[in-house]
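Before any questions on how it binds or moves, here is one chain, the form predicted alone, in structure tokens.
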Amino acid sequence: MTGVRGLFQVLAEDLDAARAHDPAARSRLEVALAYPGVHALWAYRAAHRLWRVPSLRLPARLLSQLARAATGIEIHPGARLGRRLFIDHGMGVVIGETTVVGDDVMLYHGVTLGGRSLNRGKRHPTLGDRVTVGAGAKVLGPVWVADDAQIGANAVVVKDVPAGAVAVGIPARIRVPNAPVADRPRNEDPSELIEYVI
């Protein structure tokens, strides 16, 4: 998609993605003016275009740092982000240089798509389409999170996550839908729940 028309279509998709994922969003105008995740994404889109020209990589990095200062969201201009990404709240989100994100992905605040290596090659995660990453989750290294997977809040993912699975915990355990859960703890004494209910 190229040209001004294509640019406006992508920007409109970003606004509509925010409205689709956030029931508090009342209008495109509100999203355009008040959503830092959208602002960071728009700055990334400009910085990424600069990044693709080797002589403009420094301006690309400077633009990404300005966006970080303004929004609290750091997206390296070398990352490859798909369409209709929504970053909810956004503060503390970090997306590394070799990260690849598919379409219709949702990231909550405090998410890190980071590396575990000092190698210059692929060192950040790849997320498929329709992936949701919960608040505070860390997806580290060149792992693959397949389509429709969900990463629970505060999970630390260091291994691949299959399509449609849920990853929770530190380190993350993979739960596949409709698979038996053999180690689920059972609380036989209801009185033990009182301290959590009060």
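Note that residue numbering follows the sequence shown and begins at 1. Bear in mind that the values here come from a model prediction, so they are computed numbers and not experimental data.
Absent from the display: the form predicted together with a small molecule. The rest refers to it.
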Given that the partner is absent here, does residue 169 sit within 4.5 Å of the small molecule in the predicted complex, heavy atoms only?
-> yes
The small molecule contact in the predicted complex: residue 36, any heavy atom under 4.5 Å | no
Determine whether any heavy atom of residue 109 comes within 4.5 Å of a heavy atom of the small molecule in the predicted complex, and answer yes or no.
-> yes
Is there a heavy atom of residue 153 no more than 4.5 Å from a heavy atom of the small molecule in the predicted complex?
-> yes
Of the listed stretches (161-169, 50-58, 140-148, 24-32), which one has a non-hydrogen atom within 4.5 Å of the small molecule in the predicted complex?
-> 161-169
Identify which of 135, 62, 70, 46 has a heavy atom within 4.5 Å of the small molecule in the predicted complex; exactly one of them does.
-> 135
The small molecule: the contacting residue among 123, 84, 76, 89 in the predicted complex [heavy atom, 4.5 Å] | 89
